[in-house]
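The chain below stands alone, shown as structure tokens; this is the form predicted on its own.
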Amino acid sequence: MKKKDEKNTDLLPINRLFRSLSQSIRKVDNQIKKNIQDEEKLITLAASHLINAEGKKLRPVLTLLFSRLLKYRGKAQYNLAVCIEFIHNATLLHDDVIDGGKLRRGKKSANLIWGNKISVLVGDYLLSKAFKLMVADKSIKVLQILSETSLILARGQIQDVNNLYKIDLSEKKYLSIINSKTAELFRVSCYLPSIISDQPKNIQKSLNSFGYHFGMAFQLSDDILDYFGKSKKLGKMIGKDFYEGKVTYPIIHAYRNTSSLNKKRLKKFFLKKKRSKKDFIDTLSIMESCNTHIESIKFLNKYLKKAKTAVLKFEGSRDKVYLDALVEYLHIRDK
């Protein structure tokens, strides 16, 4: 018998979305399992550890949802969803090596279990698999788009590392980085269903816009939760960005809006080789003094509003409620 809280959770639109797509998601999961089976058992083991970990698989779900919304009946959507999930997981494996990550989706990270070399190589394997699947579909257009996306993601990872400890990082540069490292893959996850279903330019533009703004909001939400979220709920350590020296929107806001004395303190923290727990607590105190949490949420909501506006033309579709649910999910995921 289900508990009351579990029943309430089942009623959430975001969970109804996953139930409504359950058959398509199972097809994608089966293809994922099939494509990570390798004669080198370590590849299968390490890839399965991350891919099969608890996670919402939002990017492939967006691909499946938009394919259904556009009434696409072909099989290319499943292949595309698998490619996108492989590319995403490859970047996660590489990120954890770069950042020295220890926890991913509530489990020990692959690099902590098998070491950095194996993690990098398995990430490369997933990227190679993704491109093999793209070629199998024989769509030059899709291949071109995802190839460009892979380049942009790599650029974003490099920019991310290159801007560590830079407390005076501009908002414009920060937004450029999160566009490359996160929003880009969300954008193509939403945009490509309009390509495989041969939609007119105005529909392509709408899906492109939704994916971009949703992706930007997703990363902003992640960066906000890194300071103001709950570790157990997120499946990763709170303050991870701070301890790694990453300058994200909450820090940019606090640095821009605090006193000269606090600016010096923040700068001192980010000049250190390692930041302590006390440094983190002091930073949270500075953020509280200039309403960083509230103002960061307001900034996030600007992107969510633009994402909702981008798909207003689908009002009346039975799947529109799920698009709204995804936007609302980002708005409430820290509650």
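All residue numbers are counted from 1 along the displayed sequence. It should be emphasised that the depicted structure is a prediction, and the values quoted were computed from it without experimental measurement.
From this point on, the text means the form predicted in complex with another copy of the chain, which you will not see here.
- Note on the interface: of 66 to 74, 280 to 288, 31 to 39, 301 to 309, the segment with non-hydrogen atoms within 4.5 angstroms of another copy of the chain in the predicted complex is 31 to 39.
- Mapping the unseen interface onto this chain, I297 falls outside it, with no heavy atom inside 4.5 Å of another copy of the chain in the predicted complex.
- By the criterion of a heavy atom within 4.5 Å, K138 is counted among the residues contacting another copy of the chain in the predicted complex.
- Although the partner is absent here, L121 sits close enough that one of its heavy atoms falls within 4.5 Å of another copy of the chain in the predicted complex.
- At the 4.5 Å threshold, heavy atoms of H213 stay clear of another copy of the chain in the predicted complex, well away from it.
- This chain is displayed alone, yet in the predicted complex one of S128, S259, S170, N202 has a heavy atom within 4.5 Å of another copy of the chain; that residue is S128.
- Residue-level contacts in the predicted complex: of Q157, N179, S209, S197, one residue has a heavy atom within 4.5 Å of another copy of the chain, and it is Q157.
- No residues of 252 to 268 lie near another copy of the chain in the predicted complex, the criterion being any heavy atom within 4.5 Å.
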